[in-house]
Ligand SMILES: Cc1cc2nc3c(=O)[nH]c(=O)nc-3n(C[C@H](O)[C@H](O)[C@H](O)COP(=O)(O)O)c2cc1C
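What follows is one chain in structure tokens, specifically the form predicted alone.
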Amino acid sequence: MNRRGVLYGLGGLAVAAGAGAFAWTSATGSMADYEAWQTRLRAVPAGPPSIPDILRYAGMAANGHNTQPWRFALSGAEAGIAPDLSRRTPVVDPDDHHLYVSLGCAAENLAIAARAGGLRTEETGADENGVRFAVTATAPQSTPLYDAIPRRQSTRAPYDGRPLAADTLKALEAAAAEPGVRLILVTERARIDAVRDLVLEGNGAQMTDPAFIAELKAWLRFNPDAAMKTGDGLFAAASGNPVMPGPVGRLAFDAFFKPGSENAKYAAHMASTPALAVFFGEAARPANWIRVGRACQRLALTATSLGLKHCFVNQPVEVAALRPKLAALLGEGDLRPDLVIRLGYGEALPYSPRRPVETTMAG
């Protein structure tokens, strides 16, 4: 559930490409158009959300590489979220761990939005086939978490270093309570630095893997036009990076996306981070990963409602050899760590793209 801000060295490449301002914008699309598009996608209903609104809110959930690997169904007395295996990322996520965590995040958004729309959802099953709910009518109930759904984003940038107050930490811990899921909040600088070292070690391993780089590159969206066309992927501006035409972006990626500069960026991000949230599930199987996702989404929405930013730094989870080191560091023995999340105060960035509801429906 990462990822990555790429440092491009834009100025020199722009000159090399001979791109004037008009030609450049013509090849990338405008950020103003992108922001207007995002405003429509994230529009807040005037009253209780309709079924299309509920599914639209479900699709705003956190997910790995912004692949949005889900298929939704909601009608009558039943609802479901099935995995879309065509959106797998088999290099970074070979056992579909992130995919099922993503389904759990979407399931939590769906349940929160459904409640605001006067529908009560009771989970009836969670396994490799996804999540299933029984749906009954209830009084509409809007909550701060519902209000936070369209505002939540994974902010891949430095934070301002301000510590989190004790009551904020308690609220985050309470929000993430879920059977079979363990949350550890790390606020001690020495332990944050120890986790940082694992992040850097994992990042170095991934960046020397050609298959990882090829898969990551396939999900990059270098400009607003590409992001709006696909409605998915890792949009450059959402990581604070410059937008550019696709061919220039690919050249820049190859030229400047290097272990040294990326590790320096991650080290700076971690140094600005006052707290980490690390999730562990009691078992390594889809049902438990879905539960981790639901707990994670509640934590992320609670953080958003409290004015916090968050970001995934999952390299110690994605590189299998580092998982035991992370578990031992946090005193969790043989449990497999599921997620590592930075928490802190910082500036907002442009939102990641999302697919229209009709493209995410099952059947």
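One-based numbering along the sequence shown. No experiment lies behind these values; they were computed from the predicted model shown.
Below, we turn to the form predicted together with this ligand, even though it does not appear here.
The stretch from 326 to 334, 309 to 317, 44 to 52, 26 to 34 that comes within 4.5 Å of this ligand in the model of the complex, counting heavy atoms only, is 309 to 317.
Not displayed here, this ligand is approached by Cys105 to within 4.5 Å at the level of heavy atoms in the model of the complex. At the 4.5 Å threshold, heavy atoms of Arg294 stay clear of this ligand in the model of the complex, well away from it. At a distance threshold of 4.5 angstroms between non-hydrogen atoms, Leu339 is in contact with this ligand in the model of the complex. Using a 4.5 Å cutoff between non-hydrogen atoms, Arg156 counts as a contact of this ligand in the model of the complex. For the options Arg71, His269, Arg152, Arg196, the residue carrying a heavy atom within 4.5 angstroms of this ligand in the model of the complex is Arg152. Residues of 324 to 363 lying near this ligand in the model of the complex, listed in sequence order, are Leu339, Ser352, Arg354, the criterion being any heavy atom within 4.5 Å.
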